[in-house]
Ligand code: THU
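Just one chain is shown here, as structure tokens, and it is the form predicted on its own.
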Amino acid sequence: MKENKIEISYKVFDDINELTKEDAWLLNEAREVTKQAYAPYSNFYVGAAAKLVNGEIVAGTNQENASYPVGLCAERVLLASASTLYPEVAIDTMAISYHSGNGNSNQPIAPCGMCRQSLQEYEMRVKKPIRLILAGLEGKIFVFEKASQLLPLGFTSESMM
């Protein structure tokens, strides 16, 4: 028997003032776009903003539905918009934030499992990692160099061969 270990490293910032000017701007865009989310059932408003390698900015918000399974997360809305508006253009950095109408919004948010899978697939498709900035409206901020770090041993096209 052999035992393996999976380690994930990421940076932790105490607040937005520790980020670079560009990262702080992108995070503020994600925080601002949470106001456009449609979340009447959960009161959990998520916004994502991404800078593409061509310099364009694309945003997405969660879109809930009374039939919960058909709702969309902000990350997947953003990925769909980016790939439609700018086919095959890689995302350099994506910032994700949220506003909770039920409590505090002061700790980093991480994508759900379905979004992690979608982010990993997008990285593979365009052959470039997506840097992730994860935050709430205030407080600590996590920065990951690759979205695929959030899904170790993920299911990929290679899994189907």
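The structure displayed is predicted, hence computed values, not measured ones. Residue indices: 1-based, along the sequence shown.
Another form exists, predicted in complex with the named molecule; not displayed. Remarks below refer to it.
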{"query": "Partner proximity in the predicted bound form: D92 to the named molecule, non-hydrogen atom cutoff 4.5 Å", "finding": "no"}
{"query": "Touches the named molecule in the predicted bound form: E121 (any heavy atom, 4.5 Å)", "finding": "no"}
{"query": "Interface membership of S105, the named molecule in the predicted bound form, 4.5 Å heavy atom rule", "finding": "no"}
{"query": "4.5 Å heavy atom contact, T34 and the named molecule in the predicted bound form", "finding": "no"}
{"query": "Candidate stretches 25-33, 125-133, 111-119, 49-57 - the one whose heavy atoms come within 4.5 Å of the named molecule in the predicted bound form", "finding": "111-119"}
{"query": "Residues within 4.5 Å of the named molecule in the predicted bound form, restricted to 23-44 and counted by heavy atom", "finding": "S42, F44"}
